[in-house]
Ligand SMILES: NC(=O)c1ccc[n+]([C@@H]2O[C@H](COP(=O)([O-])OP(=O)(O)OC[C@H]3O[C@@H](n4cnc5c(N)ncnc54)[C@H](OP(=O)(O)O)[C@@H]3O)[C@@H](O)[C@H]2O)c1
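One chain comes next, on its own, written as structure tokens: the form predicted alone.
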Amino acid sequence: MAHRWLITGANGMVGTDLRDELARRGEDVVAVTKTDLDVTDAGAVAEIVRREKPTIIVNCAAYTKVDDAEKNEALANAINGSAVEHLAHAANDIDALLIHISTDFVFDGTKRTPYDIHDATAPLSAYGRSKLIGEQAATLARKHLIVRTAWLFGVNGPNFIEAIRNQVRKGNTNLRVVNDQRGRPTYTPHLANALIRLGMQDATGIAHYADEPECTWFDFAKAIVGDAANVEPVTSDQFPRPATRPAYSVLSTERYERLTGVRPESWEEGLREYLSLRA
């Protein structure tokens, strides 16, 4: 069947790439930004969903300032949690599939093997707690798919690559980057394709998508700067942040691969494309 897609948060890093990829494929897509729609307003959410009648709603609206969430937990909970409940009820009104994007931060990072969709959640931060509330809210939609992802980078939003490159641009050629947090960086156009594949399959439940291979932030930084700077590995204790990060947040993409028949893409290829676009 032909799908009609509604994207919330359509001017963010994921939303922009998803909108562009759907348009490139000739899909019927309605993209709303946060100025078009306040996702925390239940009435406004219900109205736009009733008016547009999508078959798939992809929630790309999110509060993503991980450290700031420690001071603004109520706001994070409203955007990452309550808003998803409004979308779930609106989806039920028209029998749409709700695809909700979640995060590796719902895990505590104590495992040493990739996190499966069935693993227990135990967020360490306000951001992680708010995203878990969102996951629970998404399950109120009769047809829902929760897609957890990690370590996102793309040309349409602030990200780790630009943070590192900005240091080098300022003349800082001796960088200190944590080497005891391990995950899988993910290029947002790759995630957009993964979301479309899953949506086309009418997949439900939970799936994980992250690019391959796994690495540490130190490894990622070295790949970003090449010979332009010296990168020194440090521990998380040497680089304290307001929000605690999971030390190990490698996501198992086994169910995604089973559903789609496709292996995750390479973040190294994504990085090359990113650097060519942001040269």
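Each residue number is its position in the shown sequence, starting from 1. If you're wondering where the values come from, they're calculated on a predicted model, not measured in any experiment.
Omitted here: the form predicted in complex with the named molecule. The next part is about that form.
None of 89-97, 200-208, 162-170, 147-155 except one has non-hydrogen atoms within 4.5 angstroms of the named molecule in the predicted complex; the exception is 147-155. With respect to the named molecule in the predicted complex, the three residues N77, V106 and R245 uniformly fall beyond 4.5 angstroms at the level of their nearest heavy atom. Of the listed positions (S236, T55, T216, T64), a single one reaches within 4.5 angstroms of the named molecule by any non-hydrogen atom in the predicted complex, namely T64.
Although the partner is absent here, L22 is not a contact residue: none of its heavy atoms lies within 4.5 angstroms of the named molecule in the predicted complex.
Of the heavy atoms in D38, some are within 4.5 Å of the named molecule in the predicted complex.
In the predicted complex, V14 approaches the named molecule with a heavy atom inside 4.5 Å. The named molecule in the predicted complex comes within 4.5 Å of a heavy atom belonging to K34.
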